[in-house]
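To begin, one chain is listed below as structure tokens, in the form predicted alone.
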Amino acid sequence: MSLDTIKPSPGFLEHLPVEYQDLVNHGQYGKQMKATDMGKFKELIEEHPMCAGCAMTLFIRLAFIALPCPEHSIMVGTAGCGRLAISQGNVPFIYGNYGDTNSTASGLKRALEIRFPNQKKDVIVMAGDGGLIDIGFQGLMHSWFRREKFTTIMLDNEVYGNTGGQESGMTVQGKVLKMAPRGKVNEKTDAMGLAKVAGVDYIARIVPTNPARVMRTIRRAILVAREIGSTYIQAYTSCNIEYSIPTPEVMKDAFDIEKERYGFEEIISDRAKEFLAEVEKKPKK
């Protein structure tokens, strides 16, 4: 994980596939891309096996573009739809077993700090709602209580979409699913509230309706985690298959849900605010 592992030896570039040459010559390494740049450079993730119209895929693409330093980043994930795309990206990916993503990320981050004391390495956990709030709950909470310096991104499609439609802790109360025919009994878990109680330094809830805001939020979370402490992003990424959302209606659903109950929210600790004010300060002209 450095730019040296991506660049081919002198004289070999021209013999590599065109896609790889494109990645080296027109990738995002060393640059800060904007959402409006999409389609004008070689993205870190392109081919993937996600369903047509999947909002989660759009969010994951934006997450990769938002990485402040992709050549010094590692993704950690687990079983679920998201890892099908995340593992295709040109960023090292560690597949944690169900339940241990945040434990894996904790050990990884600490090891990287010892191995590379002079180079900041960003660790990002990106997994589904079931993998984090149900099966991975213990590891998630303890990583927050320990103030581990990495970012956790929940791909909240409010269902176990990869296994046929079982309810998760993040499913909305009363929702009827293929594997929950009587409707969910309990309320949706307040993961944002749990993060706040645990003292997470940067917390955000977001829907992929505004690409620029999604990227800014992810960058903020990663930068705060790099220097200050744990960060958490909860992203609504609907499952158009399990919720029977027609493909042309996926983004309409995103806007509707954002308006009804998933509005953008940031909760930032005082020390994280101070840090962000400094790093986001515009240079004087």
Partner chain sequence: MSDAAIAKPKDWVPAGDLQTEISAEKMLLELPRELQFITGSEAAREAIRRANVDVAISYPITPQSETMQQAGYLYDDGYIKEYYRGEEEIGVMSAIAGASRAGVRALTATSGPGLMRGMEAISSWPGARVNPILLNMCRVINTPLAIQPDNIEMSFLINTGMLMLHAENQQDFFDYTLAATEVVDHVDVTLPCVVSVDGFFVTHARGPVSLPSEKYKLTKRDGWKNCVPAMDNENPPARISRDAPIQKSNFISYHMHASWQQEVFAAVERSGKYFEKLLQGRIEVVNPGAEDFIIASGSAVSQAREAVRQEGEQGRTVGLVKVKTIRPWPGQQIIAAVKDAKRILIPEFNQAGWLHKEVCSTLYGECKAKIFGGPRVYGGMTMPTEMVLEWLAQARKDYP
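This is a predicted model, so every value here is computed, not measured. Numbering follows the first chain given and starts at 1. For the two forms, the rigid core is made up of the largest set of C-alpha atoms that agree within 1.5 Å on superposition.
Omitted here: the form predicted together with the partner chain. The next part is about that form.
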Query raised in the report: Heavy atoms within 4.5 Å of the partner chain in the model of the complex: which of the stretches 45-53, 214-222, 58-66, 246-254 has them?
Result: 45-53
**Report entry** Listed residue that, although the partner chain is not shown, lies within 4.5 Å of it in the model of the complex (heavy atoms), from Lys188, Lys184, Arg205, Lys121
**Finding:** Lys121
Query raised in the report: Hey, with the partner chain in the model of the complex, do Gln166, Gln173 and Thr209 all fall inside the 4.5 Å heavy atom range?
Result: no
Query raised in the report: Is Phe264 one of the residues lying within 4.5 Å of the partner chain in the model of the complex, judged by heavy atom distances?
Result: no
Query raised in the report: So in the model of the complex, does Ile94 come within 4.5 Å of the partner chain, heavy atom to heavy atom?
Result: yes
Query - Heavy atom of Arg115 within 4.5 Å of the partner chain in the model of the complex - result: yes
Query raised in the report: Does any heavy atom of Pro70 come within 4.5 Å of a heavy atom of the partner chain in the model of the complex?
Result: yes
Query raised in the report: Using a 4.5 Å cut-off on heavy atoms, which residues of 18-33 contact the partner chain in the model of the complex?
Result: Glu19, Tyr20, Leu23, Tyr29
**Report entry** Large Cα move at Ala277 between this form and the one not shown, threshold 2 Å, rigid core
**Finding:** no
Query raised in the report: Once the two forms are fit on the core, has Ile267 moved its CA by at least 2 Å between this form and the one not shown?
Result: no
